[in-house]
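Quick setup: one chain, the form predicted alone, written in structure tokens, and binding and motion questions come after.
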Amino acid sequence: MRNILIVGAGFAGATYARLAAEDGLNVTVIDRRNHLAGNAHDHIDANGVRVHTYGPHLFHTSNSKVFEWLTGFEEFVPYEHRVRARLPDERLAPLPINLDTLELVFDKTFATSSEAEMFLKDISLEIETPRNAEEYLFSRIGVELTNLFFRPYTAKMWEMDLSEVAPSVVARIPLRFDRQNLYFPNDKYQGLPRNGYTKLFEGMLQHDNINVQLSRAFDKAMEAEFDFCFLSNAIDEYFDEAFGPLPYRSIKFRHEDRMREPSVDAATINYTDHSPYTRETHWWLLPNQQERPRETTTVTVEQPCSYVDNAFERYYPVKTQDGRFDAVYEKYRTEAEKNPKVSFIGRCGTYQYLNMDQVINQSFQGYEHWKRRALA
């Protein structure tokens, strides 16, 4: 039986582990953290609230294969996510921008969606080929909305101006001309695991062929002990930053005890101000909480920072308009291909910003590609 090492017990590692175990391979999963589920880890805190340790993870996908596979390990309950942005006058506006947002910001009433669309077209700039996030947003929603909803947030989140950020970073944000206020309106499946993500991962990794070792860091010497290694750790760190570091943005989480606010109707509220903080999450509005929520609840406020300032916790790869860090990653990827016993997986291994369903689907494809080559 072949022995496989998988570094990381998040979505990428757990998916590879389960697929390999079901193919009869002997799998060892290690993680430097003391818990399963990677950045999706959750727990019940002192207020009796289920908190996502590393910020809100809202599962959404239109990929039936991914959703059906996940729900084989844990039941999901429906949940449709909503986000509000707190305006300078304290009013809460729907995000992504929709008809209600436009009426609130511009103090106008639009009789039809077409009327709102024409208004937005009038205030937008004609930029045929946007070179960066600023130009992309100017061409879609104009200067005022860009500066209100995206410029301060981007400066905090990425420590860059919109003009320095790749268009792809903001192109994934939808724009609506109706009153639809869901954050992921086009995804067929939206929900959260009934007993939390940690329980979901326990199910994924519960297999006779899987041995999980937490609080264990990876060392290159381990490669000699296994037939093959799937690594979700940072690819630049693996190569001792030989071609330079691949930067990430990280988040510091401040958990606050607050009284429940009945007026708050969205779990996530984005900040449009120039404070260091980007958003807050009201966990009691997510499903799978205790049956009778207490009056005192937990609200988590997020402050972006460099991963260097947060114990090298890597969350979001930095994507610039000139693609300079992607070019550095390509050097690492080319170098990694020279090692026949190693494959890099997941966000940090591939230096991509991926949603949870995308990580799983990428893992399906990556494992099948490896299986055809290695197990033929």
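As the structure is a computational prediction, the values presented were derived from the model and not from experiment. Each residue number is its position in the shown sequence, starting from 1.
Heads up, the form predicted in complex with a small molecule isn't pictured, but that's what we're talking about next.
In plain terms, the part of the chain that comes close to the small molecule in the predicted bound form, with a heavy atom within 4.5 Å, is 155 to 163 out of 201 to 209, 110 to 118, 155 to 163, 252 to 260. For the three marked residues, V170, N270 and Y316, a heavy atom of each sits within 4.5 Å of the small molecule in the predicted bound form. Scanning Y183, Y238, Y189, W283 against the small molecule in the predicted bound form with a 4.5 Å heavy atom cut-off leaves one residue, Y183. Put simply, of F218, F177, F149, Y248 only one has a heavy atom within 4.5 Å of the small molecule in the predicted bound form, and it is F149. Taking the partner from elsewhere, Y353 is found to have a heavy atom lying within 4.5 Å of the small molecule in the predicted bound form. Although the partner is absent here, V299 is not a contact residue: none of its heavy atoms lies within 4.5 angstroms of the small molecule in the predicted bound form.
Within this chain, L95 lines the site of the small molecule in the predicted bound form, having a heavy atom no more than 4.5 Å away.
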